[in-house]
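Single chain ahead, written as structure tokens, the form predicted on its own.
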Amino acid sequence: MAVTVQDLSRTGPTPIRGEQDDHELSSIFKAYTVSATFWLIFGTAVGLLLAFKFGAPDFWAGKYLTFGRLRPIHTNDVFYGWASIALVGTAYYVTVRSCGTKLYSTALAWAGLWLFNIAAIAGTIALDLGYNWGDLEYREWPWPIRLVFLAALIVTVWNILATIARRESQDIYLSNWYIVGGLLWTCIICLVAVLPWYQYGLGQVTISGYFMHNAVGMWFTPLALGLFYYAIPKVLNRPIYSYALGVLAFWTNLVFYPMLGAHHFLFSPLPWWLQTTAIICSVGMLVPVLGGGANYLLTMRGRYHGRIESYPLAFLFVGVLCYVFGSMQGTVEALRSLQAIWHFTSFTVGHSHFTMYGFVTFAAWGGIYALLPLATGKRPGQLGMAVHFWLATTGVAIYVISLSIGGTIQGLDWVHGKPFIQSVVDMEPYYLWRGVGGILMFLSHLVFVWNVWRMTAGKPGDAPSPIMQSEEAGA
């Protein structure tokens, strides 16, 4: 079933795509992937150092290596360096291929990549030197640097929209709904977050909740879901289960997600009605999550053996599972009765990694393994993908489970009125396991670097085609 959208009407005949255009798209995809991989390694190396500072606070102590400076470097570099650049790179490939046209402007794509990297580099230096915008989560970069990131978004959305406007068919494929939605929504979110007139008192608290949650749900989530809608059918060699279900999930995500931020501030001085609205919308998010999750899983029905035969599909499958269960965990976590236990504990750190790592990062990896070999003609090694997958999956499982258990114990200690130091002592073994999980995750990233090298500049590996044999051919 196809849905016609008139908002982005075609502008003249579709440009004919040639070999040079394919080469340019491949170069852009490679550059975004390589750049994102650098930030993955750098950002998670900082995160690994932070993990061990919990058990040994004096480890590698120094003015520029304090927890207060390194923590925002870790989160911002992983958010805006790794995840943003990786997903934008896949978005360019998905948009061009699904529209059957050529990229509107390679110059704009390169300009966007430079702007993303300039923002990440400047933000990292500023934070380590002690220049920041206060304790505003995911908004610690000084505002001029955030304007550079906003400029990168504007350049990207202009390029994507112009490409879609020159598409081959009248219909807009579902992936592009999510990609365009994520880009436009994030431009608005970033603009709201940088305007100064209401950034004081409770207004600042409200906007902080609005930005930190929408940075995940209206930026990374739409781009990752749009990637799912292209990569999963592509790998399986079959159409998506239901186009209509995808459209339902798209619009209900837009209805419910923007109001979730206040559930980070339950029992705070924020108006009680605003907190309650956030809880209601958190429950409402079950509609797009279960609808979208069912759509992906039903598309995979009957081909689950592909999780073993095709590692790109395995990454995508884990990403879908973490999207569904991580989002459902977020809904439960938003209830006041459970916020009273889990708020301010390490449970929330486990939850954030469940979604940003288990969902978003696995989605990016699955998309890169599925699509980059098609762009470059080079495949990674089967063993390399296998080692990457199992190290990352085992590592994030240990990380999330240990912090979920430890965070619950930590919260119960506080509820029962035990001395604060008791909660610190009780968390010690779980901090150790957090470090073990982090080591496995970081090792998987080093393997990913090798795999990216083989897909871009090195000797191709022996992995089979990421596209599985069609069911008709198999029969």
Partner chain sequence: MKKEMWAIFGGSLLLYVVIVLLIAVGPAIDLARTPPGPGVKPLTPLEEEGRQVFASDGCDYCHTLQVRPLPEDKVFGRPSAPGDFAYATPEMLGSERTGPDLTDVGNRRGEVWQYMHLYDPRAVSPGSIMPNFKFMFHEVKAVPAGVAAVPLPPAFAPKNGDKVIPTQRAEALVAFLMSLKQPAIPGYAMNGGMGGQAVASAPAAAPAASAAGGYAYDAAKGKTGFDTTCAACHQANGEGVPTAFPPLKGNAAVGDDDPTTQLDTILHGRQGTVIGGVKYSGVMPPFAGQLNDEDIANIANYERSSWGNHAKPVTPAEVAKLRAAGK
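Numbering follows the first chain given and starts at 1. Predicted model, so just to flag it, every value in this text is computed and none were measured.
Here the subject shifts to the form predicted together with the partner chain, a form of this protein not shown in this document.
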The single option of V349, L150, V287, L391 touching the partner chain in the model of the complex, heavy atom within 4.5 Å:
V349
Could you work out which of I125, I188, I401, V283 is the residue within 4.5 angstroms of the partner chain in the model of the complex, going by heavy atoms?
I188
Do all of Q329, A375 and G377 end up near the partner chain in the model of the complex, with near meaning a heavy atom within 4.5 Å?
no
Counting only heavy atoms and a 4.5 Å cutoff, which of 378-386, 104-112, 176-184, 229-237 contacts the partner chain in the model of the complex?
176-184
Contact test in the model of the complex: W414 vs the partner chain, heavy atoms, 4.5 Å
yes
Using the partner position in the model of the complex, report whether A45 sits within 4.5 Å of the partner chain, counting heavy atoms only.
no
Tell me, yes or no, whether H343 is in contact with the partner chain in the model of the complex, where a contact means a heavy atom of each within 4.5 Å.
yes
Residue-level contact is defined here as any heavy atom of the residue lying within 4.5 Å of the partner chain in the model of the complex; does P72 satisfy this criterion?
yes
Going by the partner chain in the model of the complex, which residues of 53-87 come within 4.5 Å of it through any heavy atom?
F54, P57, D58, A61, G62, K63, T66, F67, G68, R69, R71, P72
